[in-house]
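Okay, here we've got a single chain as structure tokens, the form predicted alone, with questions on binding and movement later.
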Amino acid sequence: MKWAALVVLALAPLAGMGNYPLHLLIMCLLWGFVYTSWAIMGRLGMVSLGHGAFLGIGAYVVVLLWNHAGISPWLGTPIALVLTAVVAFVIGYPCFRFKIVGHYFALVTLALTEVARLVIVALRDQTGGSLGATPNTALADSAWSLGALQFSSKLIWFYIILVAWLAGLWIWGRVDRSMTRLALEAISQEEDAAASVGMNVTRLKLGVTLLSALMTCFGGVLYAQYQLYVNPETVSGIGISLQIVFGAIVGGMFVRLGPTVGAAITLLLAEVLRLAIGHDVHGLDTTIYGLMLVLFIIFMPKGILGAILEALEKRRAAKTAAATA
């Protein structure tokens, strides 16, 4: 069943899908990858509101290196990943070492994402400031440039991002089946007790944080190269961080496909708001994300997909019990 669904998804663009539906499908998979990256650590008790910073590093580093130094995104991506790892370590290690957890950790990471946005805006001569930046085109003489990682065909981008999305799901599954997940779940319940039985709390938390941050950074690289435009409001700052958290929680961060379902919901919500209201009411999307995030945390903490699967499991258990009786 899973393989059949994957084949249908892979062949869907070849069935005459228009550019706009294909674009929405690409963005759903791309954001699904980013939300999955956040869920890897979010589901283990580390609620970060700073992933907008990692997304922004990935997006802006490759664009700036290409525009100002002519460095290919193939070389810019490892540089962005290293810079992301350094930032994640500098933020994560002191927090985990001195037991800054819960809402205190969330506030620290929230400050990180806003600092990243302010730095991008302040360096307007290099980054374009609040107006954003566009990578120098390499498509003047051809429809694609492998060295610049630019393709005019959305079909090529669909398969690139499909592979990244599948890799994200695979990594999520590996973490979910690992002893690290069990250890971090124990740590999230009682950190001192976990440390007393020999668990290296700082190392475990830092490892998952680095993995999540690096995946989010790579998502930023893909976003910049696909959209060929980056803006501090769309790849960094509080708004995008809230969107990431909202999407993962709404879809169900405890289920592998939950963040992807959340990506489809947030994308649909964004399109409805854009068509119905436009950009006349500044900050409306962030307000709605924040309000819905609070409501879902209170009334549906397992997310939409998680709640559906739980209901189906209860119904299956009830039928089994009835048949046994």
Partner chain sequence: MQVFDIFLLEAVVNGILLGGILALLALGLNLVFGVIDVVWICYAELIMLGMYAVYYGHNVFGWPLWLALVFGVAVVAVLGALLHQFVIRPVLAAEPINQLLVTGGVLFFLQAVATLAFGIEFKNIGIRLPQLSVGEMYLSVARLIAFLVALAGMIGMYLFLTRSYLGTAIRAISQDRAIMPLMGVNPNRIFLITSALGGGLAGLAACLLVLQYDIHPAIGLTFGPITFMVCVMGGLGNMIGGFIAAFIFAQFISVGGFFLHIEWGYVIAFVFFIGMMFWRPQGILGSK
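Remember, predicted model here, so these are calculated numbers, not experimental data. Numbering follows the first chain given and starts at 1.
This next part talks about the form predicted together with its partner chain, which is not shown.
Enquirer: With its partner chain left out here, work out from 232 to 240, 137 to 145, 204 to 212, 73 to 81 which stretch has heavy atoms within 4.5 Å of it in the predicted bound form.
Expert: Contact-bearing stretch, as computed: 232 to 240.
Enquirer: Which of these residues, L131, A167, L118, V86, gets a heavy atom within 4.5 Å of its partner chain in the predicted bound form?
Expert: Answer to the contact question: L118.
Enquirer: Find the only residue in V255, V221, L112, L149 having a heavy atom within 4.5 Å of its partner chain in the predicted bound form.
Expert: By the 4.5 Å heavy-atom cutoff, the listed residue in contact is L112.
Enquirer: Even though its partner chain is not shown here, does I161 get within 4.5 Å of it in the predicted bound form, heavy atoms only?
Expert: I161: no contact with its partner chain in the predicted bound form.
Enquirer: Taking any heavy atom pair closer than or equal to 4.5 Å as contact, tell me whether V175 reaches its partner chain in the predicted bound form.
Expert: Although its partner chain is absent here, V175 would stay clear of it in the predicted bound form, with no heavy atoms inside 4.5 Å.
Enquirer: May I ask you to check whether V272 falls inside a 4.5 Å heavy atom distance of its partner chain in the predicted bound form?
Expert: Flag for V272 set to no.
Enquirer: Should I298 be counted as a contact of its partner chain in the predicted bound form, where contact means heavy atoms within 4.5 Å?
Expert: Taking the distances in the predicted bound form, the answer for I298 is yes, it comes within 4.5 Å of its partner chain.
Enquirer: Considering only 288 to 310, what residues come within 4.5 Å of its partner chain in the predicted bound form, judged by heavy atoms?
Expert: G290, L291, L293, V294, I297, I298, P301, in sequence order.
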